[in-house]
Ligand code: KIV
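Listed next as structure tokens is one chain, alone, in the form predicted on its own.
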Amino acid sequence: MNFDHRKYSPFAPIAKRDRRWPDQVITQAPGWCAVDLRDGNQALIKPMGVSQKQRLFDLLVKLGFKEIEIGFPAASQPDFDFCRKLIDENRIPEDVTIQVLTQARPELIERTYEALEGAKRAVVHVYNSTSTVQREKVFRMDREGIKEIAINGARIVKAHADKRPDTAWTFQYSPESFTGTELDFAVEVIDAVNDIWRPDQGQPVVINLPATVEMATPNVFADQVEWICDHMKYRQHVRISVHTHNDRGCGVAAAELAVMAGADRVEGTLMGNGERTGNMDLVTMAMNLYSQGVDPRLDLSGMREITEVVEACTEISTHPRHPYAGELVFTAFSGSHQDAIRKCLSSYQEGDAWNIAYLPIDPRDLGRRYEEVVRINSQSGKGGVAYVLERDFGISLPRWLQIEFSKVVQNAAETEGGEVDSHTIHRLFHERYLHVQPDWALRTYDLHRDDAGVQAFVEFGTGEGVSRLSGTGHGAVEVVAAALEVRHGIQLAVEAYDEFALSEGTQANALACIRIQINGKPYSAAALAEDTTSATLQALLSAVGSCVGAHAPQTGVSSGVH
């Protein structure tokens, strides 16, 4: 059997009895460092060119990122050229610090500083692998050999910086594959590096703890981060950063718990682009904070522009269900979801705390429209159909008609397959309920009330087929219904009718919906008119006409109830 779980060993948890992070709550955003132009770029089938990098860099600046890792200038000429372009053309804003990556090798560090010549401020990010598997199977070195690589790299980084005092330097060290490194050894290496850099004497330092490969559940990573914070030297003088990957699908969760465990800074990419299953998704984590009332210190309101730029630069499409950014993430097809959303939105007032069923944030905050929230397919119910008619056409339906019409829409969706747009829904409603046969079109009516009740005179039809009804009763509907019974020899009972005033700006001012029984069979119709009486009478005539058919009714005058 090829699928054999016995070849794998569980990741050993941390024996940490004093963990404090589970009781912490994130109340402010961490520092962000976007690594789209380096970690994200190296994961692309077709790496970005200089123009694409510039476009993405400009977007990151616009969104509010203050630290941006722009590349590995010692590893490729395009990365070197892009670094020089930003510096030589003065394209780095005053409040933005660029970051570059290098291995802890003398010639690469030297080339890195050449790329940074003349920068006002920069983070030099140096790393070497420290994990057990890397030591034993890749480098075939013991702990002392690995630590010496880190120490030598730290010395060279500092020496080159000392030669360029006009640049404000920050040093960053990553024990690569931190999650697979024994914690005591990780602290030993980190302390040895900091003994060279001396953050306690004023040198800005970032210690980055990368989950280069996500190997355990996020709570274990949080334990590792908290353990390092508790045992390392110089903790109060350095920023602790994390760089999580998504091999287990938990990159965002691991970063969030790491912040609870003491991390000050988070590295990631927009939309989570990165090697294998990707990097930590900056958009998702920042919006998670936003949804909890925490200022993410990033402006993600133009989500459509963000996705367009990222897709253009990476040539990777955004999944339609991608958190916050996907086309369908605020879309409800389910009938019960649509009904709940419609009811919550109907009572929501500007200034209220956001508390809408199935919508963790207001779609408008990301530049999305409510039109995108409720969409109709065969899984949709009455609430969604009613919401679309009300939202797009100002037509409010009574509950009984919502139920009836939703079946019409569902049948259309099942027949056609896929989504039914709002214009199709409106067309179906018009064809089924609003369409008026010429011979049943209301022309005039006259109503008078006296001691005998309501005297009604109604004229409908066209040309030579004009019909007239009259009578006296308790109300216009009763009078006209009784007259129609007499004329057509039917038994007519009104089950329900509802009148609605329409919003200002519409051609019609009233909508009437009616459901009748004719000889025990139900018929429904609706009508739009300038006043509620006209709408109600037309709806009644249309409902009867749908039973009697297109045959012209008898001309002349029929008496109603007296």
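Note that residue numbering follows the sequence shown and begins at 1. Quantities reported herein were computed from a predicted structural model and do not represent experimental measurements.
Beyond the structure shown, there is the form predicted in complex with this ligand, which is absent from this document and is the topic of what follows.
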Single option in 210, 323, 398, 453 placed near this ligand in the predicted complex, where near means a heavy atom within 4.5 Å: 210
Name the single residue among 284, 131, 174, 241 that comes within 4.5 Å of this ligand in the predicted complex, judging by heavy atoms. 174
Each of 39, 101 and 127 having a non-hydrogen atom within 4.5 Å of this ligand in the predicted complex: is that the case here? yes
So which stretch, 104-112, 405-413, 438-446, 241-249, is the one near this ligand in the predicted complex (non-hydrogen atoms, 4.5 Å)? 241-249
